[in-house]
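Just one chain is shown here, as structure tokens, and it is the form predicted alone.
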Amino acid sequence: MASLLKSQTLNASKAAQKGKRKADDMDVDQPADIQPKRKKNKQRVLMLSSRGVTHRMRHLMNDLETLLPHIKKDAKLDSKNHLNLLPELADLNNCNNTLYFEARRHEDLYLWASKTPNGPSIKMHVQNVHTMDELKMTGNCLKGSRGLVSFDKAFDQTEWGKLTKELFTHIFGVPPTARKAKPFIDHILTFSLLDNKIWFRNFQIVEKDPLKPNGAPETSLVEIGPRFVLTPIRIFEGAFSGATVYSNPEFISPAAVRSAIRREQGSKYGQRKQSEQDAERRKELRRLEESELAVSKVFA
């Protein structure tokens, strides 16, 4: 009986050791560190325009569509007074950024850049537009390739510059998972801030001098196009609406500039007419009265 008890306790201790060893093995097999998920860049941009765009504005939009493969182009927006429809259009097209080109009087072009649906949004005046076909630069890049986005250090000196830089990074930075993007980086998009205006240029990255094909690699930049200048007008808190975060006090609308020029031309005409009237008045004052020995009175 004692031997039976001894054998049972021995077997129970062995089973307990086996179970403990199995639990220890399970603890060892568990991974020590879990790698965090890599955040994916899922930026898509909806680009559309209003009615009344000219051929130059349309060619600029085509150039931007060629440069940015993650752009989704939509039809023209009929009404300029219903900008609240744009976040809904962006949501329907599965886009979280919007570029809206607004044409006025067939000569003035305004660009709205916005994060949808919550904002912010920037309204800018587009000037000095030169398209790729017009410039005929020697630079060239692969269609659908991703481009580096470079910003001037002056963007970090102001609050509105930091906000603009962050928004342009989301819009012009092509994600690597874009459907039409190719895994090459051969051009660079530069944004320079000068005189409170944003200057846009597009350059090709050339690693070898074409005049020295067998020489050492020398990195250089060759402009491709397009080029344009953006003047910030207002920054809104929401998407195409909301409170004004920044307002440019130096901006004067082109319609006001043209009105001032016409007013100046009209003032020149008024001054000329006024001088003619003054000359006639002085001529009347210099005229002498008719005397008694005048011919008209003697031979009357």
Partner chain sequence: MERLLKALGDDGLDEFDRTQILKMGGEDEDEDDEESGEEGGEGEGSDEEVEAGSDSEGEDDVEAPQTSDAEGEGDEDEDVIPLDEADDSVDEDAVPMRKVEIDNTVALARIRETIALDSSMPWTETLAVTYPHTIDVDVDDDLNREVAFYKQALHCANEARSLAAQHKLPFTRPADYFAEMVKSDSHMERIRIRLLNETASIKESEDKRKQREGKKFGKQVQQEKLKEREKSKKEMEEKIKGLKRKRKDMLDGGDATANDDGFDVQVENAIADKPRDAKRPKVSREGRDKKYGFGNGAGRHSKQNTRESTDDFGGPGGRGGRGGRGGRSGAGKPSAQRPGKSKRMNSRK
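Positions refer to the first chain, counted from 1. Because the structure is a prediction, the values reported are computed rather than measured.
Just so it is clear, the following notes concern the form predicted together with the partner chain, a form of the same protein that is not shown.
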| task | Can you check 82-90, 69-77, 172-180, 98-106 and let me know which stretch has heavy atoms within 4.5 Å of the partner chain in the predicted bound form? | result | 172-180
| Distance check, residue 288 to the partner chain in the predicted bound form, heavy atom within 4.5 Å | no
| Hey, in the predicted bound form, is residue 48 touching the partner chain, heavy atoms inside 4.5 Å? | no
| query | Does residue 227 make contact with the partner chain in the predicted bound form, using a 4.5 Å heavy atom cut-off? | reply | yes
| task | Could you confirm whether residue 110 comes within 4.5 Å of the partner chain in the predicted bound form, counting heavy atoms only? | result | no
| said: So, a 4.5 angstroms cut-off on heavy atom distances: do all three of 124, 240 and 265 pass it with respect to the partner chain in the predicted bound form? | reply: no
| query | Is any part of 132-154 within 4.5 angstroms of the partner chain in the predicted bound form by a non-hydrogen atom, and which residues would that be? | reply | 132, 133, 135, 136, 137, 138, 139, 140, 141, 142, 143, 146, 147, 148, 149, 150, 151, 152, 153, 154
